[in-house]
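Next up: a single chain in structure tokens, the form predicted alone.
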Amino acid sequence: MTITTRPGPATPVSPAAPSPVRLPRAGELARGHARGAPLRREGPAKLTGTALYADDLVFPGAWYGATLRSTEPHARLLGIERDADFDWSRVVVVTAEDIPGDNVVSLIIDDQPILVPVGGEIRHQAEPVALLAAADRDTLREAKARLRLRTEPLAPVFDPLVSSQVFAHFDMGKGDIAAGFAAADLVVEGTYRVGHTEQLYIENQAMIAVPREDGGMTVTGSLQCPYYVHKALKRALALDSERAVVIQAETGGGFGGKEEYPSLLAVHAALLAQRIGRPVRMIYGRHEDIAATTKRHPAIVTHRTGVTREGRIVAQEIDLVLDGGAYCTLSPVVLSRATIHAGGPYDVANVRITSRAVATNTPPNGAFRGFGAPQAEFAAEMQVNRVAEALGISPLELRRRNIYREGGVTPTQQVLRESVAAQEVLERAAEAAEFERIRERTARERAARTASARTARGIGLALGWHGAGFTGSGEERMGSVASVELTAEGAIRILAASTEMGQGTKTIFPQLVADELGVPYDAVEIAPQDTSIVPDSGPTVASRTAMVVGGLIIKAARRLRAQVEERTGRPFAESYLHDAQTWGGTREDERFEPYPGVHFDDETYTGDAYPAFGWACAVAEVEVDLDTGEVAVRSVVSADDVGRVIHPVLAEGQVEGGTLQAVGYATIEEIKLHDGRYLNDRLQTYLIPTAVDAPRIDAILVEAPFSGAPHGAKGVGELPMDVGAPAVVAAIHDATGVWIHDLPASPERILAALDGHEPPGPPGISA
């Protein structure tokens, strides 16, 4: 691992008290010294099997819940019929008529019902229509089989290009697009497609609802965003904030799949629990989990790029269409991020980007690691690689001539004033992977290849950027709060709704607070993610946890330290225990305030779309079997600018995990559909990379600190997902000489391209 340090804002450092595990000081983190980085806080419980996931939790007297779903992609629900020969006294059935509050899943737009009412419209296969609960699973299964839906079929829409229902649209740009193309010596056109992909977290969706004596409801489950679920629960069950409580259980992965979907499942479990007055467990099996939950949005992206003979990109015209599925969910904000990132990390004078997210009669799509950027940046990087080939310029050199530098202006008119590391990650990845040397070697091998050759090797490069935090004024509108308290017993405790899903939140938060207070790492606790205990510090999404919430807890810790030191006249580490005994505890809340100099206009959609961007570059080497079309990814070098490294081991782990996920996105992961239903909705048929498929991954952590965050950190979780897939597909082209325009680059697509069959929408080049 290599860490490159750039000058950044100074971080105040308190003297460290003796500790069995020495906490790296802020300066040490900036220099990349991994020695003494603490072990991950939740690691021992997971390793020893004592960590309790939702399905491990025991609630005496709990019943089991299940969902009755539609089997048609589009229909009118005329009735729900019960088999008269079944003893219905043994089960509880809940329909839309039984919902005490609003029959909507509370998200961006109120278009998705909790349950389809009789007379209502079924919009996708697997849509929830009724809920059942029973004391045992056998009775539940039998009862579910004795219910029948009476429907009137309606015409479905599966092609997003013909859909007339638009969830959101954007039109942004800068300069004069006509003048830009007039100045171009060459125009390259291309259309790129990516399909549905599944998050495939280890632990399935799981919720347990427990009714309370005061008429309220406590829901415990596997989730990313406690306050999203809290909002949905209050609205559906007509509860106030105090009587609705949401608690995160140990969560076995999310990748975005547990951002918005748990709201629906939590409400389902709560409706049943409210009806029968006892706990209800709703734990999906893997088949139901894949068949019914949200996926990555499919996208169709069309590029038209004007470039001079010298390799300067002078015009970009991009059109992007996202398939939102049956309901809106998070499509507007996924589309927003995809649109802003669609041109790639290149400073082009004349840009126009249009986009829309539309409805189809397939299950809704939602959050997935990268949140729209991987779709858009796959197309952008493929287009840049094709431009380089058309000009006869190295892909590395073309990027050098066009990348953003400080002072660059984005399509939203944002001026990049600081923390711009595009060149740094590009050069570090290319140098570490020996990109030019190996590219020359693969070119010689390709020229010398005979008809009897069975394999081909190639190398490919991709560059990306990723906005840290919510888009535009999202953070300001949310007004997140995080707290640090010194309890009367002398415990130092962090209170934040940010959840742990394996990424290391429970480790880095105590690290930051201990560093600020000058106390041992083990002296800092973190409160459970329980809405009755912690404030709303926003969802655990959008590469915002370390930057935004981490910044809030550092500021809260500073205020706590100042209070204690003012009262005692001694350093915090020496006096906090005495202070707690004397004053009975102190809590400091910190609310998000806009970063200085960051302004965004929601009406015109112009200005600072993100307070800072992260930057990444991946270089991949592949070997292609020319007989079968199979691809083996041999190595990936990924250089990622994370602002400032808090915990090197965890940051490397995020790069490695995101890169492997991107390799799957590039090569084998694909949801197949028929009549709007997922065909490969089981682990036997939905393929992801295993340990056997994993390439050698070299993570290079680059630091270009963001001055608006007290610790300089940005984000790392999503960055590697943006660049891995286009790097792999570029390497396939280097090996074979053919371009693959659709993901995944499956053996079938590679063989078809080798046989001379272009995919739909072949690209064009004109002088």
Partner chain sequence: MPAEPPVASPTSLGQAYALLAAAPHRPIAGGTDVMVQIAAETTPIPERMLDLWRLDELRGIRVEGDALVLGALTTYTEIRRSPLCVEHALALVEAAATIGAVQIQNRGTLGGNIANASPAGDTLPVLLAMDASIVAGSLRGERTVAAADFWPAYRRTPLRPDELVLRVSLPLVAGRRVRYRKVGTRRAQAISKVVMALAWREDGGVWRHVRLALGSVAPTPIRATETERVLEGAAPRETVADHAAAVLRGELRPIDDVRSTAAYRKAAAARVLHRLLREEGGW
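Predicted, not measured: the structure shown is a model, and the values here were computed from it. Residue numbers count along the first chain shown, from 1.
The form predicted together with the partner chain exists for this protein as well; it is not shown, and the discussion that follows is about that form.
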Candidate stretches 466-474, 619-627, 88-96, 570-578, one within 4.5 Å of the partner chain in the predicted bound form by heavy atom:
619-627
For the spot marked by L396, R400 and S707, is every residue within 4.5 Å of the partner chain in the predicted bound form through some heavy atom?
no
Is D83 near the partner chain? Define near as a heavy atom within 4.5 Å, in the predicted bound form.
no
Does any part of N680 reach within 4.5 Å of the partner chain in the predicted bound form? Heavy atoms only, please.
yes
Can any non-hydrogen atom of D138 be found within 4.5 angstroms of the partner chain in the predicted bound form?
yes
Could you tell me if H674 has a non-hydrogen atom within 4.5 Å of the partner chain in the predicted bound form?
no
Single option in V118, A349, A432, A632 placed near the partner chain in the predicted bound form, where near means a heavy atom within 4.5 Å
A632
Which residue, L687, L78, V415, A488, has a heavy atom that falls within 4.5 Å of the partner chain in the predicted bound form?
L687
Sequence-ordered residues of 733-756 touching the partner chain in the predicted bound form, heavy atom within 4.5 Å
P747, E748, L751, L754, D755
